[in-house]
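Just one chain is shown here, as structure tokens, and it is the form predicted on its own.
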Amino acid sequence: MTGHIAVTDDGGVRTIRMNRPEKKNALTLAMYLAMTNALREADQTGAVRCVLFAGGPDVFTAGNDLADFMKAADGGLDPRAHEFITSLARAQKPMVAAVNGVAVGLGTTMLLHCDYVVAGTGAKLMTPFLKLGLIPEAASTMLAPMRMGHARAFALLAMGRPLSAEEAKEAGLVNTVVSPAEVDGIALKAAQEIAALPSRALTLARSLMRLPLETILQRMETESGHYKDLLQSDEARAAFQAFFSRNQ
């Protein structure tokens, strides 16, 4: 356990669990840093063959912590959040996600970097970036249209319309939908199945199936530059203040 991130290794699978239920697993900068370190260590640990991201039984993550979000509006984008985003693209081990409840903001865009996603029937994917005067991140402006098609990606990323678990499966963001009680177990089983595959062939096949790393990182840098500028805009400041007032 590192703060609100629990990291466990078992049978070739490293589980990175967001564990801040009192705040709906809202991501603090410390949590971003802990997850980045856990991912990087997984790449350097031969016994780890697959990484599993998980949240709680009722929520995957509500996205950025509100307090940190407000600080970002004053001081610019914090590098710890950006480093986690780039660590998703750089991750050499396959990644699985177990999603129950809401997955807001990065909780949704990080799924575009996962190789296998299990969602509970009550899961809901949401990306309210534009409603806060911002743009999506994690190379989602490139990866989502490729995965879902422009129409679905625009509705999700630009209009902020949520996706149910079944809609996300139909759109190609989720592999399988199961009852909430089964999510962790089914996701772990998938991660164990992946971990049991021949490692050299798996690494090669996965790298060939993904976009070139530099292409993804370049889009992340472009998004990050615009994101940082927008954080300073009057539109974003007004949206943040309204959001903060509603959620006190």
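Note that residue numbering follows the sequence shown and begins at 1. Since we're looking at a predicted model, the values are computed, not measured.
One more form of this protein, predicted together with a small molecule, exists but is not displayed; see below.
Contact annotation: residue 36 falls outside 4.5 Å of the small molecule in the predicted complex, judged by heavy atom distances.
Put simply, residue 24 is close to the small molecule in the predicted complex: some heavy atom of it is within 4.5 Å. Among residues of the shown chain, residue 128 is one whose heavy atoms approach the small molecule to within 4.5 Å in the predicted complex. At a distance threshold of 4.5 angstroms between non-hydrogen atoms, residue 88 is out of contact with the small molecule in the predicted complex. The stretch among 184-192, 200-208, 41-49, 59-67 whose residues place heavy atoms within 4.5 Å of the small molecule in the predicted complex is 59-67. Among the residues 168, 96, 139, 104, the one placing a heavy atom within 4.5 Å of the small molecule in the predicted complex is 104. This chain appears without its partner; in the predicted complex, the one residue of 178, 132, 157, 148 with a heavy atom within 4.5 Å of the small molecule is 132.
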